[in-house]
Every structure is written in C-alpha cells, then in structure tokens.
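Quick heads-up: it's one chain on its own, the form predicted alone, in structure tokens.
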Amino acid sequence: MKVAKFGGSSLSNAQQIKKVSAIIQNDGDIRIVVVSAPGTRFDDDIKVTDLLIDLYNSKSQGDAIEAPLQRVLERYQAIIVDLDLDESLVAKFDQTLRTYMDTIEDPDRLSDALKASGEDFNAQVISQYLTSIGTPARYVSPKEAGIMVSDEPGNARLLPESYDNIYKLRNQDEVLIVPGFFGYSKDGDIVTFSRGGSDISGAILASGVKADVYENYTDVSYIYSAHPGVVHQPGPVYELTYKEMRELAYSGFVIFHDEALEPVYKHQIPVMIRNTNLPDIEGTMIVAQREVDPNKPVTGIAGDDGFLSVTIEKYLLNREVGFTRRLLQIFEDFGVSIEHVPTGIDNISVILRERQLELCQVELDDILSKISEVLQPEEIIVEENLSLIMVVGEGMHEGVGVLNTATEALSQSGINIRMINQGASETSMAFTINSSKEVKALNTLYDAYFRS
C-alpha cells in the first residue's frame, strides 16, 4: 500500500493534473493521495498560495478584495474548464473564500483558512476528475481524516491521538484525495503547518495508515549530492538514510520539508522521491539504514545563509558551573531558538538564524545587554552574514581523513572557516563561513569529495 504526495509543480495546471491522474490509475497500490495547491506554470508565474496570501493582505489592510479574489478563482476556472468538469465548483470556491472573509475576525485564523484553501480546492478538483475518467475517488478533508493539530496558526503540530483516527482510512474502496498543509484544532479551526507543510501531511498519513511506501512526487527524479543550481551536474543519490536527509534538508535542500521525516521515521516507512514528469524512473529512496561504502563517506553537501554568531569570551569560563545553562536560558527567555553551540575553554558561541529575531520580534542588542548583565563576560563578539555548510554522510564515522579533506580544500581556495561543529554521531560536519564565499565553498567541497 502506498501513500503518494504531489507537489505544487506537479499540479500547476490541467495538463499536470492529467499526468498525476495517469500515475494514480496505473498504480493500484496508491490508495491515498495528498495534494498541494497549484504551483507556478512558467517563469514569473505566481503560486496559488501566494495569490491567497495577497487576498488576505488586501482584506486585512482594508483594500478592495475583488481583484485578488478573482485571480485565485481564475486559476481554478482554467483548470476546471480544461479538465471538462462542472464549473459550479468555481462558484463553490468563491462562496467559501467570501464566507471566511466575512465570518473569521481573528487575523491569524483568517490567514490560515485562506492559505489552506489552495490545497483544499485542488483536492476537490482532482477527486472529481479521477472519478470522471473511471477511477473512483473521494475527497477527504483533514477533519474527516482525523488530522488534529495544536492550535498554533502557521506552525501546527500533530496531536498524537490523530493516528488512531487516520488508521481508519486504510481500507477504503475509493482512492482518497486529501489536501495537505493543514489540520484542525480541537475547537474546529483550520490551522496550517509551516510553509511547505504538504510534505508533513503526506508523511503523517503514510505513518497513520502504516503504508509500505510513501512516494513524494516533485519535478526532479533524484535528490542530488549537491544543489544543481549551485554545483554543475552533481551526481544523483540513489539511497540515503533519514538522518542524512534530515541534515541535508535542514541546510538548504528544499526538495523535502525537514519536519516531514519525523512521522515516517517513527514507523520506519521508506520514502521514495519521484518525478511526476518521468514516473518510470525509480528515484531516491530514504530508508532507516543502508549499507555504507567506506570509500564514499560523504553522501551530500549543502549550504544555507542567514546565520549570525554571538561569541562570549571569559577567562576560566570552563570552571564556572552552570555558565552554558544560564547563557542558553537567556535565549530561551527571549523565545529565540538556536542552531549550534561550539565551545572552547574560555569562550562559547551561539549560532542562530537571523530570521529568528524577526519572528520573535526581538532586538539583538536586548539579548546582548542581558548576557552582559547576567554573565559579565570580558567580551562579546557578534558576526553576521554567515553561512552554514554541511557535509553529510553515514560513512564519515568509518572514513579516515574526512575532516582533513574539507579543511585542506577550503584552505587552498582561500576560504576562512569561522567555526567547525561535528555531531557525536559523525553523520555530519558543519562549517561556518562568510556568506560571500558560500557558492565557492560548496563547489570546492564537491570537487574534493566527489570529482576527485
């Protein structure tokens, strides 16, 4: 039994939806399908989710809503006409959006309800189209599916009791079409996952029904050992572990939402990355364990920018009991999550994403003042415009000289390493560098580990 999730690029227009429908028809093992909102059809096109955000902005700012509303409806009108479906669906969608805007007063709840409509409407369209071409399909809302989530608009978390409800979907006669990206709170409100959350929905459903495979369809056939937009013709990765995928997704691989691995990881459900446009290719398989080739210790390299570091210098810092705890408590008190904490004898650094400060509406100077007051350091050093380069591979703990290969290659390319951090499992190494050197660093490391 398979659960299949199709991304926005796979469902951007009627022609793509026909390709998706053919995949479903030709594979009787696909019993549950999770869909995203229509993505972009061409360069400079706008995703439906972004059109819905524009609609929300117009409504919340008191601007006219008719123009942004019609842009949303026109996207579905074009799809519905091209699929030869009943155009009354457009009127239904129109009424739904207007009802949300007329009845939901809380801004966060209205934002979530409007954003979720992209996936919700697409699931209704696809279920009707499949039925019209002879494959019985049924639209199932996340509420009916039993996807109950925490009441955190824009950042929902699945409630554990959902899994008992979801398992009931396992033995159904029709193909079930479920919109991704959102669930329902216990009070019955629509609450969305973080952006890209359709991956999370697919993984939740695959885990909930205990599927044999979770297939994630997108517009590429493989996960590659580096980003093809940064490194020229990187090699495909045919198999990697959940740990490796998590590390790569965290550090810039946007092909798979980094939170989406948790549900399938719990039940050890394999994930297959596949290409909607080339469905015969068996792409990258993500598994719990794999055989490691000691001659190929590195699986992939990824980089992400937008980091800053705060380094605290204090003589005999290592003798001061509770220093690290008190430092981290300060960030927690401000609601700011941190990424890495490299340490030395007389210094400790905290690396965080700059956008964390914006999300928490916190000024960095306020945090620094609190650190000075509580910890009384000799010096606080702040470095901004940093990138984090991750070298990932299950074989690194068996390989010899893996770290040396990286540091030597970066040194020869004139790239200064600000910090190095390696986890205890030796599945990854993180190098902090200036963001202006990120592309050069990724190519340098790729050459060192793969082309050589």
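Just so we're clear, the structure is a prediction, and the values are computed from it rather than from any experiment. Position 1 is the first residue in the sequence shown; the rest follow in order.
Omitted here: the form predicted together with a small molecule. The next part is about that form.
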| query | finding |
| --- | --- |
| Heavy atom within 4.5 Å of the small molecule in the model of the complex - the one residue of 196, 279, 146, 283 that qualifies | 196 |
| Residue (of 214, 217, 76, 181) lying close to the small molecule in the model of the complex, criterion heavy atoms within 4.5 Å | 181 |
| Stretch in contact, per heavy atom within 4.5 angstroms of the small molecule in the model of the complex, of 159-167, 196-204, 240-248, 136-144 | 196-204 |
| Heavy atom of residue 37 within 4.5 Å of the small molecule in the model of the complex | yes |
| 4.5 Å heavy atom contact, residue 47 to the small molecule in the model of the complex | yes |
| Any non-hydrogen atom of residue 112 within 4.5 angstroms of the small molecule in the model of the complex | no |
